[in-house]
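So this first bit is one chain, no partners, the form predicted on its own, shown in structure tokens.
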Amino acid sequence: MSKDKKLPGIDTTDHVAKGGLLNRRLFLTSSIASTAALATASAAYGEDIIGEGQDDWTIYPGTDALEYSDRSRFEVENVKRFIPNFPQKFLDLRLTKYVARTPLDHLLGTITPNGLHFERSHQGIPDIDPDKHFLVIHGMVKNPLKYDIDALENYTTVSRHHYLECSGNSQVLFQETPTDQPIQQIHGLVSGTEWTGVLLSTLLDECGISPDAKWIIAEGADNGMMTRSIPIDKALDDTMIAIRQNGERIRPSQGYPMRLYTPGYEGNTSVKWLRSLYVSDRPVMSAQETAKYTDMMPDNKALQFSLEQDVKSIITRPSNTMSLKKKGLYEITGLAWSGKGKISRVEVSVDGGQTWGDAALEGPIHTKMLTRFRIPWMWEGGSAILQSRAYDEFGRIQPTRKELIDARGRNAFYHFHAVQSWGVSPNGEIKNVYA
């Protein structure tokens, strides 16, 4: 939209940063929302607003109801993607069939449908008969106990909204050259869920843990026997044995029939297909917390047990899976999260971080959960660099890419959480860039 044309309800005081970034309150008014919707419709259909004739689906009866509903056939392309072309220096991780990523650019809200939740396994997905599967809690406890799925469902359960993120999410942004991979490949190892299960503190209390206990060692029933050490304080805080996801039983790819879930910790600590919790006074030092899932530092030493994830945000729309078709009003929206608590603020910039405007946060805002942010943007057709920067309730601020690499060095692989940039060219094309 050219500068000599103004949208109703907008004046110069509504601009909160350079580049056409507008006040977040404008999307709360009917005039600006209606104008944005009309602009989108005009861009898609031109002047042909009214169609001709009747479509087939208005003439013939539809299909029968299903026992388990399908998505529309027009949504079949919105699926998880496997990883192609994994970096050469990480050949041991080129297990593409064991990784699938959430299509964040196709989703709104904060809850990820179960079928689109990202997946990561080390030896594939086991086919477990729930009638033959048990969880044993043993070690430094007075009363070792064994639980099956029926026993767990007889306990008082809790349902909580939390995110889950693989610690390797966004790792490609550590590389020196900006990647041309789509947003799903860059950031798709994060999802948001309503998890339902039994608090681990309830079961540990029933078993009677030793006052000298410092860790629990979680082991999965998959072929690789994924094993991670969890601090006892975390186990007694908000960790749960999850048995349901978004209301239904968790799926095999998410740990059926039961998994450990550690809110705000890196995803591999939420051990799937859980079969053993060993209470100990020391970590087990498994392969998954020595050879892997440690943070290489600039001095070539490895930082272990950096489990709690940092504050982070990404812009999901506009992103590099779309282009801007014409000048005008757009909504910039994305997701923010923190492994420590709630998101308190998200700022957005369209000039590469020179100026910032506060985005609106969509509630309710849950602790250790994805938070949707949004802000209106008037694109005049020039170059732009879109960024988001998140803050959590404890005052932690998402760093720039330079700040993160200065602190972590070039050997880093896990826990990339820096500000990421989308570069918009005058023709509307969007690419991942470094700014």
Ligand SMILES: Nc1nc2c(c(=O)[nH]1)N[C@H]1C(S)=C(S)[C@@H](COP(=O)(O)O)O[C@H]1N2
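Heads up: residue numbers just count along the shown sequence, starting at 1. Given the structure is predicted, the values throughout are model-derived calculations rather than measurements.
Another form, the form predicted in complex with this ligand, is not on view; read the next lines as being about it.
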Worksheet item: Any chance all of Q398, H415 and A418 sit within 4.5 Å of this ligand in the predicted bound form, going by non-hydrogen atoms?
Response: no
Worksheet item: Closest heavy atom of Q184 to this ligand in the predicted bound form, within 4.5 Å or not?
Response: no
Practice prompt. Report yes if any heavy atom of Q254 sits within 4.5 Å of a heavy atom of this ligand in the predicted bound form; otherwise report no.
Written response: yes
Worksheet item: N268 near this ligand in the predicted bound form, any heavy atom under 4.5 Å?
Response: yes
Worksheet entry | G220, heavy atom within 4.5 angstroms of this ligand in the predicted bound form | yes
Worksheet item: Here the chain is shown alone; which of M226, I230, I243, M240 has a heavy atom within 4.5 Å of this ligand in the predicted bound form?
Response: M226
Worksheet entry | Among the candidates K292, H133, H122, K342, the residue which, in the predicted bound form, approaches this ligand to within 4.5 Å (heavy atoms) | H122
Worksheet, complete the sentence: Only one of 139-147, 319-327, 279-287, 254-262 has residues with a heavy atom within 4.5 Å of this ligand in the predicted bound form, and that stretch is 254-262
Item to complete: Within 4.5 Å of this ligand in the predicted bound form, which residues of 271-292 have a heavy atom? Give them in sequence order, or say none.
Response: V271, K272, W273
